[in-house]
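First, one chain by itself in structure tokens, the form predicted on its own.
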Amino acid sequence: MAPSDSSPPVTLDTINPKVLKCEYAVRGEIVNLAQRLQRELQEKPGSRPFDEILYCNIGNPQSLGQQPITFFREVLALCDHPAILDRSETRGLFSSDSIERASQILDQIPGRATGAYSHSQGIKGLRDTIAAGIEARDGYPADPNDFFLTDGASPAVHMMMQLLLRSEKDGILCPIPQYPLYSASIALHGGSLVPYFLDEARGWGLEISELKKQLEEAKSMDIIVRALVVINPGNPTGQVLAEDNQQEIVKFCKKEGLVLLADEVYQENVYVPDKKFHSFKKISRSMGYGEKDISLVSFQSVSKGYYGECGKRGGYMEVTGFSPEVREQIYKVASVNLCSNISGQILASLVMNPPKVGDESYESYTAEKEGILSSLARRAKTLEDAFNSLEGVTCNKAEGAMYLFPRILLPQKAIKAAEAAKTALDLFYARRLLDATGIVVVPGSGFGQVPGTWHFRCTILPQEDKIPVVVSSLTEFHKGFMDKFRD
């Protein structure tokens, strides 16, 4: 039957059902409410018991006051406006090594123009630099042709899901809790998320027995598991995997014939002295596994670490252990998008090749980097202690990344009030927290959690001078909430 003239051509009933299934809680309902409150504060100052909205929902450091790394921005500015490279006043405004690096990078760009398209995998000279940085980090060879430069890590994840997922009978093993990019991209590309639960009681540990259990369960449902996602350091959980645990994971993937999708975007964000980041590439090579033994895709981004350049949209994936025929198909998908943005490509190369000892910018760069990372570690500890001091709240140590994921045990009256409002309990709590304090957190249900448990994710990114306000506001709100709903 033909549609009537009055019906719109696109409705929720006629759009792709995969889009309807896709959810992304990090920018979901709570953020929409926060933006509404922000407009209200602008139009009616003093109308709320707080003066500003504190967005603790997303890892967006510069939006909360983190300053960019001077050397990186100097090189970017010079690359974007090469006409000033030869001006005499430039040497008074820019460091000599940023001028030299910008000239080197421009020589690698066709037409010396950041406004031009590049090779679909990214500018070859920049991939050479990134590969050299990976070799220096891991102590094992890296091939520039294995790198695909992307607009942040997210498009790289989408590309791999597009490649691997043929139907809903194809599954991806994902951690729960997980960064909702994974559940969203699996839904959009028509696959099935196969959950494996991290062990909160053991510091969000990843147990091989749990992987085996979930793999067998998926097989019993006729789901072909194609890959395992591991986020290290963890998001939203902040744990850093131990080296022996990583070796077990690599062995598991090799034995089961799974692609290992290693999300390593927080590799610079490790805050505890007894833990260190090791890439899965380094771990697999140290075990004697080469290209023919394991298929591994490693993701990195310029949005996190100490650089926090989210808006520049730079990142890459290193693809190893795939046949030339499959690599051609990955390249084809990359070429459909033409190329990633050039500023992001340049930043990705700078992150893997920062100033060295003897360079003019080395001391200022090191001071900026160490200042940001040490401050993040202090903020993580302060917030962790604050959460653990609250009634009914427990919070694991933030070993790395940019988040805490506290568990909340709330009174029965609160549970009933949330049910009456037809709202998940953690969303009910997060809404009230926002309304009372202006603090934006993400309900744990957006990341997945063990049924019957409730959490929220809070970033450690508000600037250090604002952390006491966050702590006092959270503490006062939580006490009032518990008193109001006390059984």
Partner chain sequence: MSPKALDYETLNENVKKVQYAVRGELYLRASELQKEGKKIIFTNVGNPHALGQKPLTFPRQVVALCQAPFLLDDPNVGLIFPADAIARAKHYLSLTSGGLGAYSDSRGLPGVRKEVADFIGRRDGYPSDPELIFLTDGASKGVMQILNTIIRDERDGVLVPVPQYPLYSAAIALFGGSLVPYYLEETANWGLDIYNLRQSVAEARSRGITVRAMVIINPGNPTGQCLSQANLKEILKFCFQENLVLLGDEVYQQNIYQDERPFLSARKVLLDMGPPISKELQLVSFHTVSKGYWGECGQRGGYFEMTNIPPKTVDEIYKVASISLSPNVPGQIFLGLMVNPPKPGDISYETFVRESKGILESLRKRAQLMTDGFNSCRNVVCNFTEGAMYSFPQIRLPPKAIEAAKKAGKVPDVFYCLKLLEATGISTVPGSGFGQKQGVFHLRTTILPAEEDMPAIMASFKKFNDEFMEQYEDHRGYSRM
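The structure displayed is predicted, hence computed values, not measured ones. Residue numbers count along the first chain shown, from 1.
Absent from the display: the form predicted in complex with its partner chain. The rest refers to it.
Checked against its partner chain in the model of the complex, the residues I223, L193, C79, L410 give one hit for a heavy atom within 4.5 Å, which is C79. The contact with its partner chain in the model of the complex, taken as any heavy atom within 4.5 Å, belongs to F322 out of F277, F322, F299, F197. Within 4.5 Å of some heavy atom of its partner chain in the model of the complex lies at least one heavy atom of R166. Mapping the unseen interface onto this chain, A132 falls outside it, with no heavy atom inside 4.5 Å of its partner chain in the model of the complex.
Its partner chain in the model of the complex is approached by A113, whose closest heavy atom lies within 4.5 angstroms of it. At a distance threshold of 4.5 angstroms between non-hydrogen atoms, K356 is out of contact with its partner chain in the model of the complex. The candidate spot formed by P8, L12 and S340 lies fully in contact with its partner chain in the model of the complex, as each residue has a heavy atom within 4.5 Å of it. Of the candidate stretches 309-317, 413-421, 376-384, 236-244, only 309-317 contains residues with a heavy atom within 4.5 Å of its partner chain in the model of the complex.
For the stretch 54-74, the set of residues having any non-hydrogen atom within 4.5 angstroms of its partner chain in the model of the complex comprises I58, G59, N60, Q62, S63, T70, R73, E74, in sequence order.
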